[in-house]
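Below, in structure tokens: the form predicted alone, a single chain.
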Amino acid sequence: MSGETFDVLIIGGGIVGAACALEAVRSGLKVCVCEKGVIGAGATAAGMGHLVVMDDSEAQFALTSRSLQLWRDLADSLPVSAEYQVSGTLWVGADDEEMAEVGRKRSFYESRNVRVEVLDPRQLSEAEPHLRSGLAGGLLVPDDAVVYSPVVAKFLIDRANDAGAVLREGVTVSAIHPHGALFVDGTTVSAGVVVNATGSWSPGLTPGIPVQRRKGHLAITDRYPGFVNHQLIELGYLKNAHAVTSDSVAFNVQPRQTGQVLIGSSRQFGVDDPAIEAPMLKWMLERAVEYMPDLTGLKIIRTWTGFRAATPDSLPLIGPVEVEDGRLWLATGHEGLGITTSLGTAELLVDQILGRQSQIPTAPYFPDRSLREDIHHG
């Protein structure tokens, strides 16, 4: 590959890298994507594929809501195998304290024109008959969706390829240098901008960035059409998901278009071994059964793990590592929202590279959070 020169070199062929490639090439840039394995086979394939608008912060809401708008624009052109379906998210409240959180979330979403509906215990039971009795209610966000993300990553890369992007699979970058990247076989690629989109592996190429690996387990059942109707998440998930010092699990169940039920979720810091950990898996499944006792009658056919790229403030790193140089850029640190925010990330990244006005402020996602918004056309 020595001697080739590109406007943008994207390292990482997960859904974030694939989305960035398509946005960049559509914007008139000469693009190369390098992936050490198979497109969409890493964290993209390991995740649940939940497309969700979040309210943890204004910045998180801005990026997730903008991204969902882009997903809706894309939906009609996705292949059937992408399994895109608007199933909605149902946040489940176990008690009065969690129902108070339902009220807060409702006010937040409605003030920002996001459709929501509060369900009382009877309505919750009618919406999801397999939930246990005695739950306090829930909040339905009907326009959220789910998607089979590995197929989407391949779809985006194929579209980028058709538009002129160059794809290099099975190549490993050993180092990023000021004008491109060096591969383990000694070859190089020159580029005006290099984008590190390698998720939980990104600190290996850009040492010192605040990204940690966070391991998660998932399980999927055989086919049981109609067993679950919405993406179900316990409201306790919010505090569990943000715990940064201890392992945690939370009830998180998703309907698949195949009729299968996808069961999550767990979170662990400080674990690099991808092997299934029986105690963690058992804990996660027991938590799921607490909310859906009938899960015990379903046959689990596969379990696996993946690694999320987590940041201290739960926001991704999108933008230049050094403003003065402007050559090395990041698109990483998305934690459990990489599928949701992939399209919005791509838009923000290319807006910054080209100096275009963005649909949402860019400053909250700068790798250096102290940079002022007006530096890069926020």
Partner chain sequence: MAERLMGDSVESDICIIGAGPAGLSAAVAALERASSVTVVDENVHPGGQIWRHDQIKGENPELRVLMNRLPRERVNLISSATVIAAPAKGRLIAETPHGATPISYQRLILATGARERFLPFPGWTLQNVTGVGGLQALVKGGLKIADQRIVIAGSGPLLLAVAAYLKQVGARVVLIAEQAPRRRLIRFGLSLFSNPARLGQALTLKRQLSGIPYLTDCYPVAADGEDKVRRVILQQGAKIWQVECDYFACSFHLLPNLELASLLNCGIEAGRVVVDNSQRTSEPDIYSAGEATGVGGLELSILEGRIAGYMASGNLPGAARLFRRRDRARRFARLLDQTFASTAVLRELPSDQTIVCRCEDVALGSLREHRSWKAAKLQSRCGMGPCQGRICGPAVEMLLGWQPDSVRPPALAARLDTLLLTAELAEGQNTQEWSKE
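From a predicted model like this one, the values you see are computed outputs, not experimental measurements. Numbering follows the first chain given and starts at 1.
Note that the form predicted together with its partner chain isn't included here; everything after this is about it.
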query: Check all three, G355, I360 and R369, heavy atom within 4.5 Å of its partner chain in the predicted complex; finding: no
query: Options 135-143, 218-226, 120-128, 88-96; stretch whose heavy atom lies within 4.5 Å of its partner chain in the predicted complex; finding: 218-226
query: Heavy atom of S246 within 4.5 Å of its partner chain in the predicted complex; finding: no
query: E286 within 4.5 Å of its partner chain in the predicted complex, heavy atoms; finding: yes
query: Residue contact check: G40 to its partner chain in the predicted complex, 4.5 Å heavy atom; finding: yes
query: Its partner chain contact at T303 in the predicted complex, heavy atom, 4.5 Å; finding: yes
query: Option touching its partner chain, based on a heavy atom within 4.5 Å in the predicted complex, out of G164, P178, G170, G103; finding: G170
query: Residue (of T187, S190, Q212, T258) lying close to its partner chain in the predicted complex, criterion heavy atoms within 4.5 Å; finding: T258
query: Stretch 130-168 - residues with a heavy atom within 4.5 Å of its partner chain in the predicted complex; finding: Y148, P150, V151, K154
